[in-house]
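One chain follows as structure tokens, the form predicted on its own.
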Amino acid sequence: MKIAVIVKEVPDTEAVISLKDGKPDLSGVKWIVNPYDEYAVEEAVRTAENKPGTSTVAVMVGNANSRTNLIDVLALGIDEAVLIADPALEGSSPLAIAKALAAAVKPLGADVILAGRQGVDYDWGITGIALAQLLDIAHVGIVSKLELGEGSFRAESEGDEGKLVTEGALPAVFTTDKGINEPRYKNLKGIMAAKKKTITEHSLSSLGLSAGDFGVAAAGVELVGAAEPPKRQGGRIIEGDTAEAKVANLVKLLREEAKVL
């Protein structure tokens, strides 16, 4: 069995992001592996540990600096990694990112493709679904439990009314939710082993893709501006000698000042 794990970089969830010229200023922000993707990585590693002969590969769209986070993923037990790095990818939509991922993942011949349910930056939750569509294979989302057999799967997802169980044939894409496992921490042995593992780099052209299909111009959606929420106004004490008087004064203010009644 071969497992591919889609990994995304996002700004550190503890970072304080300021605005510059009406847009988020990400310069100087530390980039980390998307927390939801950590569950996908752990699920891949656990499966490989329990199923002899299973190989794992992490696939990331990023840049030259992304190697650091990919090495961390390798230190957790993933066998090898693929990095798609190209200046034309800057500002691409989730659908375009899925297209790049599909071009890199398809030749791998993976039986199982794992990814987090969404990125914690823009919270699109689209890429994994689009990847399955482009590869013409099944997708199961918000997976909290996954059982893999010989060419088959049984996946459980948490729904509003209870548990949803999906069974089907591999290959398939699974987007994982919190609770499917408890991600491990890298240790010294894993860090040393990661230094010997392979990271294969691709550009869009090496994947047979056109740069014109990526970037802001091709995205179809653009962040045009952002602003800090207005500062909260101070509270106001409603005067009155009795509860009834306070209620009457409150109603009067709501009618005459707030004009909501």
Partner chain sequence: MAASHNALDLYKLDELFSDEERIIRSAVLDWVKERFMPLIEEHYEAGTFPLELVPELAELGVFGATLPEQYGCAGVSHTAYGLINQALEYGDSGLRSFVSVQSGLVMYPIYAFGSEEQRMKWLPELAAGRRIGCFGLTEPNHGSNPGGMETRAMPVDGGYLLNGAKAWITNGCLSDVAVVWAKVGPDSGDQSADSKTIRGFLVEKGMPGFSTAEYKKKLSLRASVTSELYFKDVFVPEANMLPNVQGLKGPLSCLNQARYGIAWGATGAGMYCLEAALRYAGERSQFGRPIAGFQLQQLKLSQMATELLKGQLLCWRLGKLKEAGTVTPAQISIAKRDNVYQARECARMAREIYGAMGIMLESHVMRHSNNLESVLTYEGTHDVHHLILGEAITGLSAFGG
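This structure is a prediction, so every number in the text was calculated from the model and none was measured. Numbering follows the first chain given and starts at 1.
Keep in mind that the form predicted in complex with the partner chain is missing from the display, and what follows is about it.
In the model of the complex, residue 32 approaches the partner chain with a heavy atom inside 4.5 Å. Contact between residue 191 and the partner chain in the model of the complex is found at the 4.5 Å heavy atom cutoff.
Although the partner is absent here, residue 71 is a contact residue: one of its heavy atoms lies within 4.5 angstroms of the partner chain in the model of the complex. Taking the partner from elsewhere, residue 28 is found to have a heavy atom lying within 4.5 Å of the partner chain in the model of the complex. Stretch 182-190 is the answer when you ask which of 169-177, 132-140, 182-190, 99-107 has residues with heavy atoms within 4.5 Å of the partner chain in the model of the complex.
Interface residue among 249, 13, 242, 18 relative to the partner chain in the model of the complex, by the heavy atom within 4.5 Å criterion: 13.
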